[in-house]
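This document opens with one chain alone, in structure tokens, the form predicted on its own.
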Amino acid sequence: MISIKNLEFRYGDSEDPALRDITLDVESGDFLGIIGPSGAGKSTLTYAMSGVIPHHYKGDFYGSVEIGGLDTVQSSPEAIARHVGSVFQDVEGQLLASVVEDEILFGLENFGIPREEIEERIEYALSSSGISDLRCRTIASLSGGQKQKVAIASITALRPEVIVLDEPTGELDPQSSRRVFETLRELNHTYGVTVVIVEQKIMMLCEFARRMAVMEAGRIILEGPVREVLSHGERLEEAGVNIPRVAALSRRLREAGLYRGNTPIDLAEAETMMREVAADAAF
């Protein structure tokens, strides 16, 4: 679905590349989380995955990015947008309409969604994002977190082949953040939508993503299944990534010779780990 080969990108006003020799394949139906410290190049990579680079942010572009078989350099932003829906940190720049319902309707009509499907899609997008009560509100009256939900709902309604999100839960509380992830999982499981998400809430990301890529200084330093990536705890810490506490605990237990199992990725697995450790200690 997304194929990146030897990508390097340098913004026009910068001396150093923001992305360095990125090669990454995201298969159709995948759910990929991207993590890394501030300034690692995560946002720039999402721009490249959605065609914002090179069409809106100019600079030195080397290598290739293909989305659904389209080369992003040779294809128009409109053609790319029919494959990829994006939610970026700058939500204000994404919202075009004055009323929430019209914001969602705009994309559906623009992409030629059949009229008989439109109402169902609007209701689904509003409900899944937890903003049904905001349907008739003016966007100017919304908080930052509410605007973020509207941007997510607008993309959700379109059900594109790929959704690329850059820290979509940054302004949301834990309950709202979980709702966003649950909506993404439903789109992924039910409609086969490929999800790529940059996220700082790593514990939650580990629960929903299948694969994870770790960035440092414009490069991908680790990539693979979530459990496999988390097993490299020392390297993650060197890169400035705050790994989940359950993964850090398993690493310390393993170093102490008390645990030899898989790295846990959630609380249920951490409980199983501790029961095994306690059982071994009893002997």
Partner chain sequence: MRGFLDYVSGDSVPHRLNPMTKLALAFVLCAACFMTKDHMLVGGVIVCNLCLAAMAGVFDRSARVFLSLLKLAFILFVMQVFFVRQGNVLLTLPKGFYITDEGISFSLLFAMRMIAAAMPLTLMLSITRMSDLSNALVKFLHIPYKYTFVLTTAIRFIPLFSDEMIGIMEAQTARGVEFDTRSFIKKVRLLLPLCVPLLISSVRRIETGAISAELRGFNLRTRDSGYKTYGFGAIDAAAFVFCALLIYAALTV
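Treat the numbers as computed from the prediction; the structure is a model and nothing was measured. Positions refer to the first chain, counted from 1.
Absent from the display: the form predicted in complex with its partner chain. The rest refers to it.
- Residue 109 is the only one of 173, 71, 109, 182 with a heavy atom lying within 4.5 Å of its partner chain in the predicted complex.
- Only one of 178, 82, 211, 201 comes within 4.5 Å of its partner chain in the predicted complex through a heavy atom, and that residue is 82.
- Within 4.5 Å of any heavy atom of its partner chain in the predicted complex lies no heavy atom of residue 144.
- Contact check for residue 50: a heavy atom falls within 4.5 Å of its partner chain in the predicted complex.
- Interface membership of residue 169, defined by any non-hydrogen atom within 4.5 Å of its partner chain in the predicted complex, is ruled out.
- Residue contact with its partner chain in the predicted complex: residue 129 places no heavy atom within 4.5 Å of it.
- Although the partner is absent from the chain shown here, none of 124, 188 and 228 has a heavy atom within 4.5 Å of its partner chain in the predicted complex.
- With contact defined as any non-hydrogen atom lying within 4.5 angstroms of its partner chain in the predicted complex, the contacting residues in 110-147 are 110, 111, 115, 118, 119, 136, 138, 140, given in sequence order.
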